[in-house]
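Considered here are two forms of the same protein chain, supplied as structure tokens in two stand-alone entries, structure 1 and structure 2.
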Structure 1
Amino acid sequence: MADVLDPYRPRASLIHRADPRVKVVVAVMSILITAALPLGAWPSYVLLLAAALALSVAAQLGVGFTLKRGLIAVPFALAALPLVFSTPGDVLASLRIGPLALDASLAGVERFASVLVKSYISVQFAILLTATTRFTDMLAAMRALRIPRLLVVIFSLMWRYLFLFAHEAKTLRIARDSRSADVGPKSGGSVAWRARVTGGMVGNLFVRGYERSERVYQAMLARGYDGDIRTFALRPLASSEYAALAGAVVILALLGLLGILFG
């Protein structure tokens, strides 16, 4: 099921081999600790980022991989930009746009930068998790974490058909593009017309999906599906894995405490 869409990066590292349950708990806790850090806790930010980078090096992904993919959340920073001007504090610079006077404060810049860095660090941990854990293993971890079984089964079946429909969507797009020569502002009628065509494509995809799901259901019935979802029992965690988990949790808790107490 390898696909360009799949973010899993196969390597022979220790991190890849680690139990998905341990990895999911550690990743979620890292993100929680990052979010709980106060604004402007720069030493803690640096340490957490270093931990994330060390892990991506240990996972043989290279430092650049997660650093580059981490930029995905940056555009959202626009939402936090007003903080620069709305936070009271020492005025750093003034911006005048017509009748509007904007004062950028030092405290505001620090708040904005903190939000940005915290978001960046969180994404690092999320990328690390998905790049080193197969989705099927992630599903096992979700089951262990008591996520409703119906939801986990939907996730797993959805994953099975995700790449197929992504491919069908791409095929539809190629078909449209080859008919309308150039999907520019001057081609293919009005905006509303283009939107309707796209809507038709989505509707087409929907009907295909609906009919495929009927065939999938027939195939499942033929293989003995009776409405009950059966899954293999999960292997209990080894004591060494518990130790690793406890170690990671203690380190993260210490980092968080350090940040909260001392900034």
Structure 2
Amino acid sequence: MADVLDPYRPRASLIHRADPRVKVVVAVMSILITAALPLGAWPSYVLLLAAALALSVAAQLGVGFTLKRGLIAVPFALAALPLVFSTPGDVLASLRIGPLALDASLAGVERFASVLVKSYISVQFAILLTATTRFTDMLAAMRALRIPRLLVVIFSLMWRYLFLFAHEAKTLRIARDSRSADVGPKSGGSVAWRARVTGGMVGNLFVRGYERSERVYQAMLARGYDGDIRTFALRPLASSEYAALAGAVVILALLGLLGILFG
């Protein structure tokens, strides 16, 4: 279960060995600059995506790994689909649904495509960060970068409780399977019955997860937890790491400027 949930992929690449503070800063800056690029800045989009894929190859993850995992951004980006019909401009196509007429404009398609591509690129950099950096190292990097302590604690507990919820869900599934008879593809009743059972399992999972979290919190208090997550101090950055960080910042700034000029 831990192997499935943990996005970290151990490799012997230079990116894996890089300091987590450098990787966190570069990843966050890449995501922020991608989000801040104007609509239609296609040269910057292409260069940022090419940089993400090149880093994926350098990290020995493979292009297919990040490309497939980046598809998780597509369902969320579909929330911007109304832009195709609500943005004024030259009409490309018309869609009629009863009395409702929807006109897809060229400007709307460009806006939607820009949002979709920007979301996909941002997820690419997030995948690279999580696949090449252990979560504990990211927490230590956040503390070293002076990110608010409460925010780091929330991230840490969220990560740990994710595995607890997964364990509780697996226990519920095993209990359900042990009490159910599989008599063929039509076993299990109607769709409404399945939905009712699933809803009951989700509610049971919430209650069990809440009770488990209370027990875990009491155990943490008994062991001296005072609201802070303590980690070992990271070593000072080397001059080569400062140089790599400065080079990445300059490249990202140039890509952002390129997007402003051609967007």
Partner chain sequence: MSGTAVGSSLAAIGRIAGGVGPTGGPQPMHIPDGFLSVPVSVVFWIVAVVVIGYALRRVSRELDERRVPLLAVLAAVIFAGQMLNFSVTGGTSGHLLGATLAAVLLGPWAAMVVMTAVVSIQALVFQDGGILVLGANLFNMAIVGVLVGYGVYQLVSRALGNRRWAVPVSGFVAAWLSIVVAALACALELALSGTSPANIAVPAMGGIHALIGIGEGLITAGALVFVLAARPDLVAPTAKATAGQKALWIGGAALAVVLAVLSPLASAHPDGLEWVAEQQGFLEAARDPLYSIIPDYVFPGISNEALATIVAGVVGTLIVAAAAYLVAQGVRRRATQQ
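Being a predicted model, the structure only gives us computed values, none of them experimental. Heads up, when I say rigid core I mean the largest set of C-alphas that superpose within 1.5 Å between the two forms. Residue positions are counted from 1 along structure 1's sequence.
Return 1 or 2 according to which structure is the form predicted in complex with its partner chain.
-> Form predicted in complex with its partner chain: structure 1.
Comparing between structure 1 and structure 2 on the rigid core: C-alpha of Pro75 shifted by 2 Å or more?
-> The answer is no; the displacement is under 2 Å.
Superpose the two forms on their rigid core, then report whether the C-alpha of Leu221 is displaced by 2 angstroms or more between structure 1 and structure 2.
-> Where the cores coincide, Leu221 still shows a C-alpha shift between structure 1 and structure 2 that is 2 Å or more.
Superpose on the rigid core, then tell me if the C-alpha of Val152 is displaced by 2 angstroms or more between structure 1 and structure 2.
-> Yes, shifts by 2 Å or more.
Keeping the rigid core fixed, work out how far the Cα of Tyr210 travels between structure 1 and structure 2, to one decimal in Å.
-> C-alpha shift for Tyr210: 7.4 Å.
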